[in-house]
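Form predicted on its own, single chain, as structure tokens, below.
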């Protein structure tokens, strides 16, 4: 039923530029991660309605989603995107050189756990943040992400269901995935109960969480207490 819904809704969606579909097909053929089409449609809606000027993406992969976002942003907007896998950095750089004609995208190579604190310390702020990297790291990225997200800004966290594993008991998932399972559940509880965020989780694609920063007062106090919203 869900697949039929996705296919039907896709028939109602405006087609992106041809090169976007070519990049998607190439990435899927080579086993590279790309944002799924239902989540892609939601991403386009948010960008067109919010019109953010400064966007941060955590998890570039081959550059597909950054280029997709660029197509639905004002020309004055800028995207900063982070990737740590050397082969993906090289491929994304090639794709940006070919398709980012107005140089709106800045690619930073390295581990987001090191880069995010540097961006935060430098006073960088963003209107929209797209989180699509290692799922077990979302909870570790969050403090710097919240510091850099402007009031009224939106954090979109993709693949929060991790292939449906998050719905299962910890003991129903494979041992190697239990750390991701516990960290993602902690992340979802944290963003859902955070006093500075208004969050909704949606069954779009592999699950998407949308969090709007509703205030900045109390943000640092919440982080300093170590409160994760887990009730522990």
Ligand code: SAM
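Residue numbers count along the first chain shown, from 1. Here the structure is a predicted model, which means the values were calculated and not measured.
In what follows, reference is made to the form predicted together with this ligand, a form of this protein that is not presented.
In plain terms, the part of the chain that comes close to this ligand in the model of the complex, with a heavy atom within 4.5 Å, is 33-41 out of 183-191, 198-206, 48-56, 33-41. This ligand is not shown here, but in the model of the complex it comes within 4.5 Å of a heavy atom of residue 134. Among heavy atoms of residue 146, none comes within 4.5 Å of this ligand in the model of the complex.
In the model of the complex, this ligand sits within 4.5 Å of a heavy atom of residue 141.
Contact between residue 125 and this ligand in the model of the complex is not found at the 4.5 Å heavy atom cutoff. Contact annotation for the candidate site: 61, 85 and 112 all lie close to this ligand in the model of the complex (heavy atom within 4.5 Å).
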